[in-house]
Each structure stands twice: as C-alpha cells, then as structure tokens.
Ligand SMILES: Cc1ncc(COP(=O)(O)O)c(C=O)c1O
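Only one chain is given next, in structure tokens, and it is the form predicted on its own.
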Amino acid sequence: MSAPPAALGAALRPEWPLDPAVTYLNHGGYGVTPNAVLQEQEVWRRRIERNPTHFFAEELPGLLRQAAAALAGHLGVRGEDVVFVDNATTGCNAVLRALDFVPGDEILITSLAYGAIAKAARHVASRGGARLVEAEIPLPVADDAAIIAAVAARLGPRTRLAIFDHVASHSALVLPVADLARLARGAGARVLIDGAHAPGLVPLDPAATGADWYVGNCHKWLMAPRGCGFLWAEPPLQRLIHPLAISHGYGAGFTAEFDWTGTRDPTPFLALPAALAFHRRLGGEALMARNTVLARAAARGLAEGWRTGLGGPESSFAAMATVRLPLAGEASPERALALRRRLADEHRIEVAVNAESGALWLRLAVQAYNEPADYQRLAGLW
C-alpha cells in the first residue's frame, strides 16, 4: 500500500477550489473536483472544440474505451464489462427500466436506500403491477447481523430484484453487500447494488460483491468531474440492459449502446484517468484508511461530548459517519434542512444533516483536505 503524502489536511486544501472561509465536511454530498482534474477537463474541452465533428466521430469511441479500461483496472474488472453513465441514479434507472415485472413480482429495498432510487423502484414496480417491499432497518444499527436478518425477513419466493446500497447515503453505513447479495441470489432474486459512495471510499471489486449489476459514482470519492458514473454488469446479463436514451448503438452490444446515447459532454469521463492518478498520488488505499480513521475518531469524539451515539458500530463506517444530535423535539426533513442551512449561514460549516428513526443526525465526511480541527468546530455548538 502506498503511503499518502505528509501534507494532508489544511496544507493540502489549495489543491481544491474550495471557499477558504467554509469548513467543508460534506464531500460525500456532491464531491469536490481537484484543480488538477478540472484543468485536465478543460484540456479535453478545448481539444473537442478544435474540430467537434472529427472528435466525436473518429476519436471519442476509442478514448471512451481507454477511460473505461483505466477505471476497470482500478476496480479489478474487465473494461468491456464497464460503461459510463452520468451518475449512479441514471445507472440504477437503466437497470430498473430494462427489466420486466409482472403482477405478483416483488422488488426489495431497505429503509436505508437512497430516496431517488426508492422512488424509481416504486415507479417501475407500479408500471408492471409488481410490489415494492421494504426491509426496515432503524438507526442505530446494532451490527451487520441485524441488517442481514431484516433483509432475510422480507425476502420471498416472489422477490425478483433486490437493491442494496453499498454505502447507505443518509446513515453512512457500509452494508455487508456480499452477504446480502448471496442471501438474495439464494432466494432466486437478481441483485442491483447502488454503490454511489463506494468508489474511492472503500476498496472495491464489483464482481466480488456478488451483484448482477453494480452502479457507482466517480465524482464523489474518486474526485472526477461531476457527471461521471459507471455501470458494471455480469457478462451474461449485459444483453438485458439498455441505456435510458436509445440511440445509434442499439442492438450493437452493451458498450456500444452506452458509449453513444446522443451528443453530450464526455469530458467528465475523459478526465477520469487524471482523477484516478490524483487519488493514487494522495495514497490510494492508504488515503482511504486515513480518512476512515479520522471519520470514526471525529464521530466518536462528538458522540461522547454530546452524550448521544453513532448510527451504528464504528466498524460499519468508512470516511463518513453519523452522529445523533443532542436535540429533542421534531425530527423532520424540514427541521434537518433548516439546521443544515443555519450551520452554513451562521457558522460557515457545510455538513449534512438528516432525519432518521425519530432523531436528527450529522453525517460527517472526511477527505484529504480535512483534519481533526474541522470537526472540533462542531463540538461547542451544542
């Protein structure tokens, strides 16, 4: 494992175009693209504009496959099994919309699922007369066994598709996706894993998760420009899946269909190799381990100071962690939003606040530019 550079934390912050007046603790929200990667993206934009016809017709097909091969090498899978999508939501929708459901079928999600994906699953289920089934997993979670038991209780002979978050967005919990996938496939269900947060947050091999389809974002923890996600599919199942926008590649195979869905800005994909190189320069797996240690320590310190608790065991968190706020009263999404805005406006702290299981939770995120002092600013606010 390569070691991260010595100057992490505030000393590294100029590598990103962040507002120096803001304590930024929400890298998991939308990511922050490093200056070096933005510069690489601009190089690609200028190259396109020199001769767009030649670029899109002659150069782009090969360049997209090269970028996909670079990502596949990072993930440890084959390049021909990976295609680019704009984001994880688009990738999940591509899978959901390509499958056929009939009355009596069930789609299984958990209560930890990202809201947009839960809505997409509900929409697809309703169109086919299927039923959306939710495994309730309240916070705080005791351990992985509790998650597995909750899912097992809702799996049934009618479950056709199970959708699991690799890293649940609001709770920040890293789910035992390999165990969940094994359980679901044993019950005869296909498995879609929403790995929106996983790439660059935790070591990742999509094939090892046991998923039939794995979707992830590169614009969060891998620090690519926004609009860079991917879909990995088991080879035998690739023929079932089509992009949301059917275009000239229809019928020509998995990569051909997804590589061209119409004219769009391909520079987030083309700049991805530069983002991967930047991630490696900061330590790669060593950086992920450092971020995990800091996130767990920051969350533990705040929970002890506030006499509250975490959203689950420390071992279930990586570079994000949830801490229950010491606030009584209503725990609604509206109150959570108002609190996030107050922290941003009055204290210049950008951090996610969510309402879950009757309580308000802070979701702390740690990236290379963060350091312990960033989280200590929160300690004295309650």
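Only a predicted model underlies this, so the values are computations on that prediction, with no experimental measurement involved. All residue numbers refer to positions in the sequence shown, first residue = 1.
Below: the form predicted together with the ligand, not depicted.
- With the partner left out here, the ligand still marks one of 263 to 271, 290 to 298, 165 to 173, 126 to 134 in the predicted complex; by a 4.5 Å heavy atom cut-off that stretch is 165 to 173.
- Put simply, of V82, L310, I117, A189 only one has a heavy atom within 4.5 Å of the ligand in the predicted complex, and it is I117.
- Listed residues S111, Q238, T89, T255 were compared with the ligand in the predicted complex; T89 is the one with a heavy atom within 4.5 Å.
- Remark: A275 does not count among the residues lining the ligand in the predicted complex, judged by a heavy atom distance of 4.5 Å or less.
- Among heavy atoms of H279, none comes within 4.5 Å of the ligand in the predicted complex.
- Although the partner is absent here, A196 sits close enough that one of its heavy atoms falls within 4.5 Å of the ligand in the predicted complex.
- Of all the residues from 205 to 226, those having a non-hydrogen atom no more than 4.5 Å from the ligand in the predicted complex are N217, H219, K220.
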